[in-house]
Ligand SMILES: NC(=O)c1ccc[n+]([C@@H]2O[C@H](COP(=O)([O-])OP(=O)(O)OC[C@H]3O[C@@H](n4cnc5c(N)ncnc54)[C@H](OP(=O)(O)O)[C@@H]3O)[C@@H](O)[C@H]2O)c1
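Coming up is one lone chain in structure tokens, specifically the form predicted alone.
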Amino acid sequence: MAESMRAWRSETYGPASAVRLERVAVPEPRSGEVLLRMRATSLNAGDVRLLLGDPLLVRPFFGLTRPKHPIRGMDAVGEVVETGPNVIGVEIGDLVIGELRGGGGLGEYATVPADRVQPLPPGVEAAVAVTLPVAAGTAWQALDLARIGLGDHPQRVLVIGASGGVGAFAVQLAVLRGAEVWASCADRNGPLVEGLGAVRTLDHRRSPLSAIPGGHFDAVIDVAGGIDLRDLRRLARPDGAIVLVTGDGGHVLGPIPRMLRAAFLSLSRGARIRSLAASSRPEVLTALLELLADGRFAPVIAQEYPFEDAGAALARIEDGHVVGKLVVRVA
């Protein structure tokens, strides 16, 4: 077993340009953990948020003055090369997929609790499957919170921010649940999103949402943010739901003020506004892997990067407007 590894890391909060490829010690698996030789990771907007330590509200949990986890990358596909004590059901040599606690995917090795990984299905490529844990898992949980697929009538859903990592998955998964999907995205991304199953696309920055009749949707999934909550609520049926996926907000408190306003508005009659706190749910990842293996949907991958160019991938996430997912092949 190697004693050291390469990893993209930053010991201070700051932009992606501050991340450097360095050589560090290979982490040791603790009780209940396994050590992965990483094959691939995919990047999420949350990786950049944690790089910046933004909002300040998160720093008591992730490091007051510097990040507790200096290596980003939460999605992981890797080979189990070592197990810590009290690991059951995972063997050395298994190729697994899961979500890393705190990050670590942009290193050649990473540790993860054994109960957070599961076997990669045969025939499913690592660089494709690795897009699922955070982004597709978030989209799945947003649709659950909106009760899409559980009604007794055909449902119409609006996905705002439909061409990003979470949004592209939300469109496809909502279609699989039998919903009629409308999608808001940049005009240039309209054809791609329609190819994912949306029956209509629009750019709410160019075509005001006020032009859509009130109560037109059973649910609105807001991935983009930046829209007044009353305007979102007007779009949904009185018994419908607004789900806030975005973490947008101020530099200090982040989404908290918007979440509190959503809870206050939901006290009055009309559609409920719910803020999503997505979590790692193995049963959701299992369902997603089954759908992927069956060819029921396909992740949108904007670009794959070799490990040596992972810094450029982080910088692109930081710039925003990525269509779909960015994947880094580690090995």
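Each residue number is its position in the shown sequence, starting from 1. Given the structure is predicted, the values throughout are model-derived calculations rather than measurements.
Omitted here: the form predicted in complex with the named molecule. The next part is about that form.
Trainee: Considering G98, G103, G107, G164, which brings a non-hydrogen atom within 4.5 Å of the named molecule in the predicted complex?
Mentor: It is G164 that has a heavy atom within 4.5 Å of the partner.
Trainee: Please pick, from V124, A186, I212, L253, the one residue with any non-hydrogen atom lying within 4.5 angstroms of the named molecule in the predicted complex.
Mentor: Selected option: A186.
Trainee: In the predicted complex, does V87 come within 4.5 Å of the named molecule, counting heavy atoms only?
Mentor: It does not: once the named molecule is placed as it appears in the predicted complex, V87 has no heavy atom within 4.5 Å of it.
Trainee: Mark D248 yes when one of its heavy atoms lies within 4.5 Å of a heavy atom of the named molecule in the predicted complex, and no otherwise.
Mentor: The answer is yes: D248 has a heavy atom within 4.5 Å of the named molecule.
Trainee: Please run the contact check for V322 against the named molecule in the predicted complex: heavy atoms, 4.5 angstroms, yes or no?
Mentor: Residue-level check for V322: yes, a contact with the named molecule.
Trainee: Please tell me whether any heavy atom belonging to T138 falls inside 4.5 Å of a heavy atom of the named molecule, as the geometry stands in the predicted complex.
Mentor: Close contact exists here: in the predicted complex, T138 approaches the named molecule to within 4.5 Å, heavy atoms only.
Trainee: Quick one: which of 61 to 69, 269 to 277, 28 to 36, 288 to 296 gets within 4.5 Å of the named molecule in the predicted complex, going by heavy atoms?
Mentor: Looking at the partner contacts, the answer comes out as 269 to 277.
Trainee: Looking at the named molecule in the predicted complex, do all three of V128, L192 and I301 come within 4.5 Å of it through at least one heavy atom?
Mentor: No.
Trainee: Is any part of 75 to 106 within 4.5 angstroms of the named molecule in the predicted complex by a non-hydrogen atom, and which residues would that be?
Mentor: Nothing in this stretch is in contact.
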